[in-house]
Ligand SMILES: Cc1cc2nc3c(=O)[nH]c(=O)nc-3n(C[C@H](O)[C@H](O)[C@H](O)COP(=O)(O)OP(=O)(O)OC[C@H]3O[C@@H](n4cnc5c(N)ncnc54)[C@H](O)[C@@H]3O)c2cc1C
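To begin, one chain is listed below as structure tokens, in the form predicted on its own.
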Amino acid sequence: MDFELSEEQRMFQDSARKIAEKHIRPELESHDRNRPLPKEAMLRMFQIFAREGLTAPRLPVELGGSGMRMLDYGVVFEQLPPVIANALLSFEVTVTRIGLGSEEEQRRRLLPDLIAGRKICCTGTTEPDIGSDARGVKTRVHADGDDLVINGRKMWVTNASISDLMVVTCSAGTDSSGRNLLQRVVAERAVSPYETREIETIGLRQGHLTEILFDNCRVPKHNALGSAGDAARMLTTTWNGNRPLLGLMAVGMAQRALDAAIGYAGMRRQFGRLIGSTQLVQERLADIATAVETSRLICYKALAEIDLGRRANGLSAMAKRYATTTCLQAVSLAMELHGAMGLSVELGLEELFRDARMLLVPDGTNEILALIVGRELTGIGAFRG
């Protein structure tokens, strides 16, 4: 067992850090921190990611991807600014879902512009009253001549307002047991227009979290992916990778908060001494550092298990639940250590706190993740009778 990053992984990490500092952060800082970024700015960043092989890291080389190991991808992902990491995750996981769940003709037609960063994509699954229960989706799709017709509404979809295409999870009817047959359909906005509305949120405010309306949206039949009933498996497989990546987003935020807290403790004086010399402040720093280290390790472990081809449902759920919760607490501790300065917009910790709070919901709330872990431990599902 080796806990050291390899030389190659350190190179990945260093390269990602340099890209973030040279290209991504200046782009973010040139725009209003509280408004969604223009599509043109997002495309510039996705094209940077394309050159680095990050628009299709999970796809094998033969399908046009970079074929990265998930652990290597996680090492890179942690270094990216959170709002852009979140957008990239929505983008590349959609590319993965198209690449692994489509026919050769569909891949040839849909993937090149996405992998090159010339178009933006996303996946729409969650609905206004359907969150964690993906099998309960109410958005319907039915055949009508040469088209498929989609009716329904999706919520909380990252990138949708600036998207050129969306993979829509729909119900195509029910099976013999009365359960939804989930069908994935690609809606290309230029051919099959859909209406979008930005949702204002507590954090990740430069991102694009969106509500979508499909009102008799007509999609060519050749844009149906896979077969009815296979969508749940594809969603679960990709969620297992997403969860520790979201955990590493939280780790990256907590690491920044820790760095700021250490710096402040070494310069701020109270009662004639540096606050870093007091036992209570040292305990706070120890707690923050422990949260960062343990969270990073459990997320790396989950990604390594995926690379080994092992079942990672429980470990991935555990990693996201632990890392997002623990790192949110760590950022809060760092804010407290800074006193009144911790509350200032100027310092930036309040933005980290707001962004970190956003991560407790997507790809499984803490409650749902706990039930997934429980199911893996006991073999007994708590979701349905």
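Note that the structure is a prediction, hence the values are computed from the model and not measured. Numbering starts at 1 and follows the sequence shown.
Keep in mind that the form predicted in complex with the ligand is not shown, yet the notes after this line are about it.
- When the ligand is considered in the predicted bound form, only one residue from 141, 209, 288, 98 comes within 4.5 Å through any heavy atom, namely 209.
- Contact with the ligand in the predicted bound form, defined as a heavy atom within 4.5 Å, holds for exactly one of 131, 173, 266, 220, namely 131.
- Taken together, the three residues 3, 294 and 332 all stay farther than 4.5 Å from the ligand in the predicted bound form, as judged by their closest heavy atom.
- In the predicted bound form, the ligand sits beyond 4.5 Å of every heavy atom of residue 13.
- Interface membership of residue 194, defined by any non-hydrogen atom within 4.5 Å of the ligand in the predicted bound form, is ruled out.
- Within 4.5 Å of any heavy atom of the ligand in the predicted bound form lies no heavy atom of residue 300.
- Taking the partner from the other structure, the ligand in the predicted bound form has no heavy atom within 4.5 Å of any heavy atom of residue 244.
- Listed stretches are 257 to 265, 131 to 139, 307 to 315, 175 to 183; the contact stretch with the ligand in the predicted bound form is 131 to 139, by a heavy atom cutoff of 4.5 Å.
- Contacts of stretch 341 to 372 with the ligand in the predicted bound form, defined by any heavy atom lying within 4.5 Å, are made by 358, 361, 362, 363, 365, 367, 368, 371, listed in sequence order.
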